[in-house]
Ligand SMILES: C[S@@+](CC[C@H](N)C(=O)[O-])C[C@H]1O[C@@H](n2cnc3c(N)ncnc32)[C@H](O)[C@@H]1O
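One chain comes next, on its own, written as structure tokens: the form predicted on its own.
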Amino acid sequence: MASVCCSPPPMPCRRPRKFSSGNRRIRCTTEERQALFRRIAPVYDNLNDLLSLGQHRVWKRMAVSWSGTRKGDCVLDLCCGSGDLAFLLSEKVGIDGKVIGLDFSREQLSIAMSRQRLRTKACYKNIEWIEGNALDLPFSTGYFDAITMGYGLRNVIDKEEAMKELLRVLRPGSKASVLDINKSTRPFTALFQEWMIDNVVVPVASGYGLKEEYTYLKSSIKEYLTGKELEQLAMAAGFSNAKFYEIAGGLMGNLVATH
């Protein structure tokens, strides 16, 4: 059954956070990451297809399925990028539902809007794109029936705060589905990931002039959390249940957290 959250347009529930001088380092890092994704944006989709041999589309469908999204729902795709998950969600919620795609990269959102204009299905018209901060979501408490987040949590500065924001804007009983590269605890899988990044990902990205941007990938995985740590993070944020699933032979992972 459709949630009442789909009736009004999303309205900011609080003012954007202002950074004090004590947060200057964090602000700079955020701006650097925005610049990185701005440079990647024009070739992001092509590289995803090439580097995953198209398998990222399967993983994203799995993430949407795990979110529990149903017809008529009002849902959020956080760190939406060029919109893959948002388009899949719109097919799930149908013409009576609502999808919000939020990202901090204006360039990625521009590509998402361009892709939306080229699609003819009526359900795709239910997507709204918003430039925003995953640590300070401009939505009221309990606004969404489900949330997806694809390849975004790993790149957020404060993962604890991001998880708390996911919980805040979710309706009680609903789920957040978080897809990302898996930080494996298995030595062979971890070594294979590193080999793939050094010998496949970075060389291919170099062909697009993005060697530096994709070299960052290895450090971002090292700084990320294991599946067990992600479950603990979700529970500490206040979710009632959290389960991490390894997929793609342990190279990818999906956290399913229930409010």
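Note that residue numbering begins at 1 and tracks the sequence as displayed. Fair warning: this is a prediction, and the values are worked out from it, not measured in the lab.
Another form, the form predicted together with the ligand, is not on view; read the next lines as being about it.
In terms of contact with the ligand in the model of the complex, the residue from Ser177, Ser184, Asn155, Ser174 that brings a heavy atom within 4.5 Å is Asn155. The listed set Cys79, Ile100, Ile147, Met163 contains one residue whose heavy atoms approach the ligand in the model of the complex to within 4.5 Å, identified as Cys79. Mapping the unseen interface onto this chain, Leu85 counts among the residues with a heavy atom inside 4.5 Å of the ligand in the model of the complex.
The ligand in the model of the complex comes within 4.5 Å of no heavy atom belonging to Ser90.
Residue contact check for Asn126: none of its heavy atoms lie within 4.5 Å of the ligand in the model of the complex. Using a 4.5 Å cutoff between non-hydrogen atoms, Asn133 counts as a contact of the ligand in the model of the complex. Heavy atoms within 4.5 Å of the ligand in the model of the complex map, among the stretches 147-155, 91-99, 117-125, 67-75, onto 147-155 alone. Applying a 4.5 Å heavy atom cutoff to the ligand in the model of the complex picks out no residue from 220-249.
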